[in-house]
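To begin, one chain is listed below as structure tokens, in the form predicted alone.
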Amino acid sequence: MFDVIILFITDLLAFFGIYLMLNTALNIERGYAGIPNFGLLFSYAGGAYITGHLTAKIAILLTGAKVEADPITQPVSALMVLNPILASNPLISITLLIIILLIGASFGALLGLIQLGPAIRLREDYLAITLLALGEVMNYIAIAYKPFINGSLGVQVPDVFSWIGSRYRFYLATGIILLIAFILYIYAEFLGRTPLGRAMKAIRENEIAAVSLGKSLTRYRAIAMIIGSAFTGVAGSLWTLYSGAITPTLQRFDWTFLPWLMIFLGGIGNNLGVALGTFIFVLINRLIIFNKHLLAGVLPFDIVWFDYISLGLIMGLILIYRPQGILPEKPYIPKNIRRKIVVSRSQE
């Protein structure tokens, strides 16, 4: 029983960390800059797939291992050589992890640049549909171009966490995911309090007024898309490394629609609300998945649909009873302005 509880907590925290990165990115794009990025899957899948493509190749360069098998088309044969080396060399494993995360962030930012075309030219309704369609592109590329991640079969990646031992492997991976998610969260919170973040929010509230005051719509949308896509690319890379394999089957429902549902639950524009909404939603989702077998034979429909039905009900309840989220965004007032307000009120 204790092992089951530990497994549940580890799984919960790992998913929470990955989704916190995604939702922090989405909050920068939508909550700060007003970009309705329904193409979150594009940069997330890009980070995941580029990790699957490059991890073994970079591991070969770092370790100097002689691998005769192609690490893409014959990943199992390549991993039989690479994994023992990584398991006995923590420094190489950590170096490989850092390199892959930097590549994931850079590739995600590059994909964000690709999304800038429609993000700059289109208004919200047309932009949302365009980005939604763009989100599926990376899956089709991964399936059609077999040298990328071996087509529909996918690819296994070297285990950068194996040096701590198989018993503690997922604990270490989960800890690293949470640490990076916390760092990205702190950066997003800091960004929201800077002039850059306040300018993004001004554009979100009223584009015409912001442009009339000299704020460049193109520049601030570009910054928001690049930062958010870099965060999303890191999340995709970590998910691949955590799972140990990747196939081109990443779904819009899991990696685009659910993040939107979570930030609606927590409160768009408020990072603390987004974190709270993410945790509550992931907790409910994991509890449903771990326990839905108990309802088999009780419900009048196939149990596999219970997850989707329950999530749909949650979404409906949020929109009806708490459309502003659990913790709505509060206006940020700089300290010097707050001081002036206090002084003026005291003088009255």
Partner chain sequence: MIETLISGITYSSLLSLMALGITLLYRTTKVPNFAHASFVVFGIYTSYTLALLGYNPYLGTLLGFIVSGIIALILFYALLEPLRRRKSSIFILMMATLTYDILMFGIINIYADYLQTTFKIPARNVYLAPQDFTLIGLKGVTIVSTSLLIVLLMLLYILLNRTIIGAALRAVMENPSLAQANGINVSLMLALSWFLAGGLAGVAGALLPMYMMTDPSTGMLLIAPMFCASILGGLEQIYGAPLGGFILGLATTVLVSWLSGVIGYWIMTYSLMVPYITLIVTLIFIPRGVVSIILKR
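All values derive from a computational prediction rather than experimental measurement. Positions refer to the first chain, counted from 1. Superpose the two forms; the largest set of C-alphas matching within 1.5 Å is the rigid core.
The same protein has a further form, the form predicted in complex with its partner chain, not shown here; the description that follows concerns it.
Using heavy atoms and a 4.5 Å limit, would one call Glu68 a contact residue for its partner chain in the predicted bound form? Flag for Glu68 set to no.
Taking heavy atoms only, is Phe264 within 4.5 angstroms of its partner chain in the predicted bound form? Yes - in the predicted bound form, heavy atoms of Phe264 and its partner chain come within 4.5 Å of each other.
Please determine whether Leu287 contacts its partner chain in the predicted bound form, using a 4.5 Å cut-off between heavy atoms. Taking the distances in the predicted bound form, the answer for Leu287 is no, it never comes within 4.5 Å of its partner chain.
is_contact(Ile60, its partner chain) in the predicted bound form, heavy atom dist at most 4.5 Å: Heavy-atom contact with its partner chain at 4.5 Å: absent for Ile60.
For the chain shown here without its partner, which stretch in 251-259, 101-109, 218-226, 172-180 has non-hydrogen atoms within 4.5 angstroms of its partner chain in the predicted bound form? Answer to the contact question: 251-259.
Only one of Ala128, Ala202, Ile94, Val211 gets a heavy atom within 4.5 Å of its partner chain in the predicted bound form. Which one? Checking each option against its partner chain in the predicted bound form, the one that comes within 4.5 Å is Ala128.
Is it the case in the predicted bound form that Leu12, Phe190 and Leu196 each bring at least one heavy atom within 4.5 Å of its partner chain? The answer is no; none of Leu12, Phe190 and Leu196 reaches its partner chain.
Where, within 307-321, is there a heavy atom within 4.5 Å of its partner chain in the predicted bound form? Residue list please. Sequence-ordered list: Tyr308, Ile309, Gly312, Leu313, Met315, Gly316, Leu319, Ile320, Tyr321.
Exceeds or equals 2 Å, Cα of Glu68 between this form and the one not shown, core fit: It does not reach a 2 Å shift.
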